[in-house]
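Below you'll find only one chain, the form predicted alone, shown as structure tokens.
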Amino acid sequence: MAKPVSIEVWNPSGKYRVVSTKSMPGTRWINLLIAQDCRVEICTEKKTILSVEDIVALIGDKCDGVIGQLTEDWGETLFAALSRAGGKAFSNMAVGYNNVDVNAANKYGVAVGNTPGVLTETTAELAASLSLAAARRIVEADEFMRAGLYDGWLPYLFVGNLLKGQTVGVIGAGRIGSAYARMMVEGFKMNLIYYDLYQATRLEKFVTAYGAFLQANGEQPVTWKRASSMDEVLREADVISLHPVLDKTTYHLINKERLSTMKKEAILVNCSRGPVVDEVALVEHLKQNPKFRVGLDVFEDEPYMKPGLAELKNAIVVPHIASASKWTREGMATLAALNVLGKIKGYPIWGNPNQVEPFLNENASPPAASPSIVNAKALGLPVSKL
């Protein structure tokens, strides 16, 4: 028998029972569920990560849908429990869903939601922040000041890298990768080299137009290049930001061999998924190349870092906060709630999950649709005509 889990209840007499495994930012998501006759139960356990047993206890005997987190193991056990309780919907409060066994969800007829279209700029901004912080050694300098070690200005004190005129490399030029590239090109007048299986036409047009603007104003134009391989980006770029999906082809994409091909003073940024980087190899490379720097938001074995990483001055590490702007996190909570609500109410699926602005407009009712269900096709769910 699972141990009871502490909860906070909203609208106790609601017809539909929706469980959230974590308290989420904002209240709009709660109010939207309540307005559609949902009883909302929010887990208040003092645990960062809930176990499978905890979530089974939360689901209980009757549950119409669950909003969960990317740290949870949503596999056969949880989808079976949700199905037994009459539930037909689960949504990650995340764009990624590598913590979800979608095949198991299909087996039990459970719709799996995610929250794309709301993280793009926020994630790109953090990648840009890490790039700048690493280039100018801001974290090191901050620690130096706080330790009372500053005696006065010196010519060689915390000399870092100038970004203007250097080359920024992007691996994975999708929505986030392209947004990051634009920030670095326009903000710091960097040249761009990128690798993606698909041509980033809009990004190329932007860099071309910005280069023409600079040239017309008597400045050096920026340039772009689509690389024929990831290795070409790693060899040529001064700052490299990783934005690929995580699958068997990108696991340990950055390994000992590829690190050795990069410039000795290069900067590597990862705000995608931790296992894209072989963290053990990275630690060794950072030790051997003190002018090589990294900015990491994600880690191979979260929440843990590989031994030695935390002690390295040439590594900036932050706790998976790429989406942590108020607007984005509240938007993610809203989208996750509406994914679950849409399935409960029998709504169709929104036609374009990357165009979610209508769901986020607080001055209007959201469309009668589920914003993003990743297994909609497998379950034969209809698509909205809105």
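As the structure is a computational prediction, the values presented were derived from the model and not from experiment. Note that residue numbering follows the sequence shown and begins at 1.
There is another form of the same protein, the form predicted together with a small molecule; it is not shown, and what comes next is about it.
- Residues placing heavy atoms within 4.5 Å of the small molecule in the model of the complex fall in a single listed stretch, namely 245 to 253, out of 245 to 253, 102 to 110, 182 to 190, 78 to 86.
- Taken together, Glu140, Glu284 and Gly308 are entirely out of contact with the small molecule in the model of the complex: none brings a heavy atom within 4.5 Å.
- Residue Val95 is the only one of Val95, Ile316, Val222, Met262 with a heavy atom lying within 4.5 Å of the small molecule in the model of the complex.
- For the options Glu204, Glu236, Glu125, Asp196, the one in contact with the small molecule in the model of the complex, meaning a heavy atom within 4.5 Å, is Asp196.
- Among heavy atoms of Arg28, none comes within 4.5 Å of the small molecule in the model of the complex.
- Contact between Arg136 and the small molecule in the model of the complex is not found at the 4.5 Å heavy atom cutoff.
- None of the heavy atoms of Cys43 is located within 4.5 Å of the small molecule in the model of the complex.
- Using a 4.5 Å cutoff between non-hydrogen atoms, Val356 does not count as a contact of the small molecule in the model of the complex.
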